[in-house]
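Listed next as structure tokens is one chain, alone, in the form predicted alone.
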Amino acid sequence: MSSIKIRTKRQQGTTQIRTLIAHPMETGLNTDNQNQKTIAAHFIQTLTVRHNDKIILTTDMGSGISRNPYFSFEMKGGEPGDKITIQWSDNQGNRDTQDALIS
């Protein structure tokens, strides 16, 4: 099961893209209350968004983003049936990718 949920909405020549990613986004500064050990850093480093396989956004992130991050942005254009792909990779080597069609 994918960790990424994508919603799209066309409006007046633009497409709104919203995504919610299930990820712990741990900073590496917190302590586990049960054993008093530092919780290892675990955060998304790179997020990439493609429209019909063309990269429209790439961002590098750090540990300061909240758990289960939500992102929303608009792109010019987009037609019903066009493919949106969102991909992330984190500092522990994990990755996920999800496709959605513009509705």
Partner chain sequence: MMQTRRQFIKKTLTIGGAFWASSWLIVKPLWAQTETLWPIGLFAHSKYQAALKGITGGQALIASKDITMTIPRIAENGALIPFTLSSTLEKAERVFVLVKKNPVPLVARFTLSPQVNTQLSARLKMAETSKVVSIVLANGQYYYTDKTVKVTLGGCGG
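Positions refer to the first chain, counted from 1. Remember, predicted model here, so these are calculated numbers, not experimental data.
A second form of this protein, the form predicted in complex with the partner chain, is not displayed here; the remarks below concern that form.
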Just checking whether residue 37 would be counted as a contact of the partner chain in the model of the complex - the rule being heavy atoms within 4.5 angstroms. no
Given that the partner is absent here, does residue 75 sit within 4.5 Å of the partner chain in the model of the complex, heavy atoms only? yes
In the model of the complex, does residue 86 come within 4.5 Å of the partner chain, counting heavy atoms only? no
Though only this chain appears here, would residue 60 touch the partner chain in the model of the complex if you measure heavy atom gaps against 4.5 Å? yes
Going by heavy atoms, what in 39-58 lies within 4.5 angstroms of the partner chain in the model of the complex? 43, 45, 46, 51, 54, 55, 56, 57, 58
